[in-house]
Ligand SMILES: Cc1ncc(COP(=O)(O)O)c(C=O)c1O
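First comes one chain, alone, set out as structure tokens in the form predicted on its own.
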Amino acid sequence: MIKAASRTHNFTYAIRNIVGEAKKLEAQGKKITYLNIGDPVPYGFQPPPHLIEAVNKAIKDGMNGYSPSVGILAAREAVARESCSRGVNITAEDVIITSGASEAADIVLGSMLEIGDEVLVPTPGYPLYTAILAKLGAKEVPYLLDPNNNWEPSIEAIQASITEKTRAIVIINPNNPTGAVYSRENLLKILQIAEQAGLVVLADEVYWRMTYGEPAPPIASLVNDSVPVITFESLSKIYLAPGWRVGWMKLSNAHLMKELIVAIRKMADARLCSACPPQYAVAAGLDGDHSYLADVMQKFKERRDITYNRINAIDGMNCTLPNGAFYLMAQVERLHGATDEQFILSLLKETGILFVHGSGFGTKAEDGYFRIVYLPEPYILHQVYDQVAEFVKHWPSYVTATV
């Protein structure tokens, strides 16, 4: 028997892991409504035409070989131009193109951390960071997002979590899985803490344009020259192209992390490069027309409002109104001794509806949270919430078989 590496024992990714149960039911003939992964494409959303044209042209023009490890110059220059327009003063030398923002996070954390080092991660938060830290043998230290304050970070929790082993803090804004958009006041407080503790700020901002009010400010635009910030962005969400796997990291205040940047570039060299043709969509996207997004966000807003109103109308459930992305964290108030995962799996078995349990994002299993991806058309969402309401009404009768 060939054994697996011990580093994989605690490696979980709830968003995809839970799909296994859905696939078993699907194989038995049950229709499944997948509301677990934040991919707009299956719900009728596609990249804007000018991005598709840029990739097609690159392929036809023969740009099908390797690119430089850091990415093509035109893409890096476009990222730097757009960043400067938002108050983040970087150059193309401060940009590295990656296979999605996920690879950027993996490269940065792998370049930074020793075994036992600590990273502050929001709870609930995107489980990618939990998985990477488990793989590296580093320690995830959760800090609370407060559901009673629109899922804003708890400044007190962040301050209380810092030790001599803390190396970095992850800020996801707009947030996945809650859809929260953090206040400027809270972001400034977090940056002050990071400066005092000598932390690197890892700013996950892949949804920054996808807000229902003002765009989320870049964290790097709020810093002075004494806080190192590494920002992760991508084409995946804002440009509706998750399958192209194009993202990037932006290195702000590079003078504070020269040794780390050398390591990051080494790691980038070792994995060769991001896929070349889709990199030609970066300049087309960032420099091009963003009018398509107004229609997209109007559709998302309609779906958000349906979800918010329908969930809060169900006896025994509640949620807060998200201000960004296309996620909402709902809560079942009475689990009757079950866990959030048991609730989600029971709902899946009875209705074919697949959400992701909150403990997959770091909440307590007994708190009853789960994430909803509200991307389907409104009539489908209404059908979903009709079924959820009926299931919750009879939930106590399912508990005996579940617990």
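Sequential numbering from 1, following the sequence displayed. On a predicted model such as this, the values are computed, not experimentally measured, just so you know.
Below: the form predicted in complex with the ligand, not depicted.
A.B. asks: Heavy atom within 4.5 Å of the ligand in the predicted complex: which of 208, 182, 143, 327?
C.D. replies: Here the answer is residue option 327.
A.B. asks: Only one of 120, 75, 172, 96 gets a heavy atom within 4.5 Å of the ligand in the predicted complex. Which one?
C.D. replies: Exactly one residue meets the criterion: 172.
A.B. asks: Quick check for you: of 293-301, 237-245, 214-222, 133-141, which stretch puts a non-hydrogen atom within 4.5 Å of the ligand in the predicted complex?
C.D. replies: That would be 237-245.
A.B. asks: Taking heavy atoms only, is residue 278 within 4.5 angstroms of the ligand in the predicted complex?
C.D. replies: No.
A.B. asks: Spell out, yes or no, whether the shortest heavy atom distance between residue 100 and the ligand in the predicted complex is within 4.5 Å.
C.D. replies: Yes, residue 100 sits close enough to the ligand in the predicted complex that at least one of its heavy atoms falls within 4.5 Å.
A.B. asks: According to a 4.5 angstroms non-hydrogen atom cut-off, is residue 323 in contact with the ligand in the predicted complex?
C.D. replies: So residue 323 does not count as contacting the ligand.
A.B. asks: In the predicted complex, is there a heavy atom of the ligand that lies within 4.5 Å of any heavy atom of residue 176, even though the partner is absent here?
C.D. replies: Residue 176: yes, in contact with the ligand in the predicted complex.
A.B. asks: May I ask you to list the residues of 72-87 that have any heavy atom within 4.5 angstroms of the ligand in the predicted complex, in sequence order?
C.D. replies: Stretch hits: zero.
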